[in-house]
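The chain below stands alone and is given in structure tokens; this is the form predicted on its own.
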């Protein structure tokens, strides 16, 4: 159900078409909650049916239309209620850490490859998260800029600082995963020295 609230969070900034919403999702909320378009569009339809969103046709091009979604008062109430609920943490499913617990079964060079891939993955994520953080700090991220223009209920500095806090947490996570994988490489070198 978190997809629903991630979509509501985006739509509290401004009404958007399904296409614009999916695009915005992948460059903002998608860093926090992954969902493919094949999940986003059906969820939007369910949210309309549940009264959380209103949909309307808006002109697109010379002779076509798109569906634009706007949060209803019920949607805002549902989002606030969700924010007050306790977080239900998912049980871990971490293939990298699971495999590392059994590296004694792996060829040492294969284990090293897994750890190098882990480092590369988190270096890429770190760069993406740093880019988002920079855009948030300078208030140049397009969705944040729009939110700051339209949101009269919340202190703009608080809006920015909570997003900074979130992305700093992502960066800490990336640094921790990179350090963990490097430690694993050192361990492999100690236990299985290269010839």
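Numbering follows the first chain given and starts at 1. All values derive from a computational prediction rather than experimental measurement.
What follows is about the form predicted in complex with another copy of the chain, which we do not show.
Although the partner is absent from this view, residue 29 contacts another copy of the chain in the predicted complex, with a non-hydrogen atom inside 4.5 angstroms.
Contact annotation for residue 158: at least one heavy atom lies within 4.5 Å of another copy of the chain in the predicted complex. For the chain shown alone, residue 72 is not a contact residue for another copy of the chain in the predicted complex, no non-hydrogen atom being within 4.5 angstroms. The closest non-hydrogen atom of residue 110 lies within 4.5 Å of another copy of the chain in the predicted complex. Contacts with another copy of the chain in the predicted complex, taken as any heavy atom within 4.5 Å, map within 101 to 122 to 101, 102, 103, 104, 105, 106, 110, 113, 114, 115, 117, 118, 121, 122.
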